[in-house]
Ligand SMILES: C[S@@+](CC[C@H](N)C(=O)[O-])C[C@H]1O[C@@H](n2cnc3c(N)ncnc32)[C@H](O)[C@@H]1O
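Below, in C-alpha cells: the form predicted alone, a single chain.
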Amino acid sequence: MKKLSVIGIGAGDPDYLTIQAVKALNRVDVFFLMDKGPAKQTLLDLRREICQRYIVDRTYRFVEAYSPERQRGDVDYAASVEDLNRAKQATFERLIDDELSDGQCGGFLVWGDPSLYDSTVRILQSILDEGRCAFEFEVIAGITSVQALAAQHKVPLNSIGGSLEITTGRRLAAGQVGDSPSVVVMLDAEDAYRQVSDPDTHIYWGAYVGTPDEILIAGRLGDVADDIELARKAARQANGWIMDTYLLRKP
C-alpha cells in the first residue's frame, strides 16, 4: 500500500517544525513540490532547506509539478475554487500513480497547518472517494501564521473570555464578519482592513512572519492603516508576492 504524509511545516521559520513533523520527514521517500512560478521560488527553496536540515541518513527525492492557479477577475469565486481543486486533484493523482511505488511514502509539505485554508487534505480525500487510486495518509499539524503572528507581536489571540473568529479578507470586505471582539484575517489581497469603520480598532499586522523578510506593524487602525498599505505594496513589488496575516481587536 502506498502511504502519504501531509506535513505542516510552519509559517516560514524552519525552527517552527515540530518533533512529530521531523519524524514524519524521515519516513518519506518522495516529496511532491508544487511549483507556483519564479516569483515563489523561495517557497520551494525553503522546503528543500527543511529536508536538508532535518532528514538524517535517508535517501529521498523531489518531484516538482506545476501548481494550477485559480482563475481571477470577474468570475464566480466558488466556481473558480472548485475548478482549481479539480485541477489540483488531477495533478496529485498523477503524481501518486506515476512517482510513488507500492510500499513507498510520499510527502506533501504544507505551509502553516494543513487544517487552515489549505486544500491538500480535502483533495486527497476526494481522490480516495473516487476510488481510482489507493493509499493511506496521515496529517501532521504545523504552526500557523496565526500563531506565529501572535507570538511575534507578544499578544494573546483572544480577549479574556472572548471568542476568536478567523476569516478571509474577502469576507471582511463584504461585511461578513461576526461580532467577535477578536478577528484574524488571512488571504487579504485588497487591503480589507480599510473597510473597518471604527478607527480605534487595534491591528496587529505581519507579513512573511518567521522569515528573514518579516515585517510587523501594530497600532490603532486609524494611525497605521496607511503605513500597512505602503508596506504591503513595497513588499509585493520587492518579492513578487506577499503572505500576510493580521489580528483586529475591537476597542
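Quick note: we count residues from 1 along the sequence shown, nothing fancier. For clarity, every value in this text was computed on a predicted model and none was experimentally measured.
The same protein also has a form predicted together with the named molecule, omitted here; what follows describes it.
Contact with the named molecule, judged by heavy atoms within 4.5 Å in the predicted bound form, is confined among 90 to 98, 175 to 183, 138 to 146, 120 to 128 to 138 to 146. The single contact residue among 208, 32, 193, 204, judged by any heavy atom lying within 4.5 Å of the named molecule in the predicted bound form, is 208. Just one of 164, 116, 133, 151 comes within 4.5 Å of the named molecule in the predicted bound form, counting any heavy atom, and that one is 116. The named molecule in the predicted bound form is not approached by residue 5, whose heavy atoms all lie more than 4.5 angstroms from it.
Among residues of the shown chain, residue 55 is not one whose heavy atoms approach the named molecule to within 4.5 Å in the predicted bound form.
Interface residue remark: residue 243 is counted as part of the site for the named molecule in the predicted bound form, having a heavy atom within 4.5 Å. Interface membership of residue 217, defined by any non-hydrogen atom within 4.5 Å of the named molecule in the predicted bound form, is ruled out.
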